[in-house]
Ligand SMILES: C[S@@+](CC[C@H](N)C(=O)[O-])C[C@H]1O[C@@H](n2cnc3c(N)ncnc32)[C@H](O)[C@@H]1O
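This document opens with one chain alone, in C-alpha cells, the form predicted alone.
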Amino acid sequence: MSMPCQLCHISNSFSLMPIKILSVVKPIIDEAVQKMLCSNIAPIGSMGIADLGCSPGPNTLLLISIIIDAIHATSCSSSSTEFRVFLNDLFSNDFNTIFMSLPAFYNQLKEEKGDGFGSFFISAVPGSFYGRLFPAKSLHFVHSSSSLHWLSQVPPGLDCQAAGKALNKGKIYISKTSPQCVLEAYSLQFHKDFLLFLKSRAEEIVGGGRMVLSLMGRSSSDPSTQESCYQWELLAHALMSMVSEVNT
C-alpha cells in the first residue's frame, strides 16, 4: 500500500519541526544546565540525563550534543563526571536506529571533547512517561520535546458510541464539529496525564535538578483553530484514506 500524499506531508513536517524547536530551546537548556551545575557545592560524580519521548532518528543525538556542549561550556563541570543518558519512548519505538548511529557519535564526541571529558553510558528505557520510569533521585536533567501533547489513552467515553452515535466521529482531535463534551474529555485527560507526569518526575529527579519541556501551543484559546488542527486534519484524512483502501 502506498503512503498517501497527506501522510508524506505530515511526516516531512514532523521531521523538521524538532530541529526548529531545539534551536529555540537551546538557550534555555544552556541556562538550566549552568544553574544546575553551579548550584552544587560538590562536583556531580554521576549525572543522570533523560530524554523522554525521544526521536527514533538523529534528532535525539543532536539533543544530547546540545546538552553535552552546555555542560562542557560550564566552568563548574568536572572532567571526571560520568554521564548516564537514558532515551525513553514507547515500546514500539525503533531504538536500533539510534544505537546504529552511536559509534560515529562517540567518535565525534571524542574528537571534539577529548578523552578527559568523562564517560558516557547511553541506554534505552522503553515505557510510558505517564508513570515511574527511573529509580528515585537518579536524574539530574530531564528533557522532553513535542511529546506531552500525546495523551496516555483515548479520553474515556470517546472510544465508544453513546446512544448509537459516535461522539467525535471521523476525528482524532478537537474540531469545529466536536461537541463541548469532547473538549472537556480531552482537557480532563490531559490534566490527569500531566499531573501524573510531574509527580513521577518529582520522585525521580534529585534536589536541584532541572527539567526542560517543550509543548505544542496556540495563540488562541479556541482549540479548534486551524493553527491547532491543520496537521491533525491532514493526518485524519490520510488515515481515513488508508482504511478505505483496506476495506475495498
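Since this is a predicted model, take the numbers as computed values, not measurements. Position 1 is the first residue in the sequence shown; the rest follow in order.
Just so it is clear, the following notes concern the form predicted together with this ligand, a form of the same protein that is not shown.
Taking 136, 73, 90, 102 one by one, only a single residue has any non-hydrogen atom within 4.5 Å of this ligand in the predicted bound form, and it is 90.
Interface membership of residue 121, defined by any non-hydrogen atom within 4.5 Å of this ligand in the predicted bound form, is ruled out. In the predicted bound form, none of the heavy atoms of residue 223 sits within 4.5 Å of a heavy atom of this ligand. Among residues of the shown chain, residue 54 is one whose heavy atoms approach this ligand to within 4.5 Å in the predicted bound form. Shown alone here, residue 127 lies within 4.5 Å of this ligand in the predicted bound form, counting heavy atoms only. Heavy atoms within 4.5 Å of this ligand in the predicted bound form are found in one stretch of 27-35, 183-191, 54-62, 205-213, which is 54-62. Of the residues in 134-153, those that come within 4.5 Å of this ligand in the predicted bound form through at least one heavy atom are, in sequence order, 145, 146, 147, 150.
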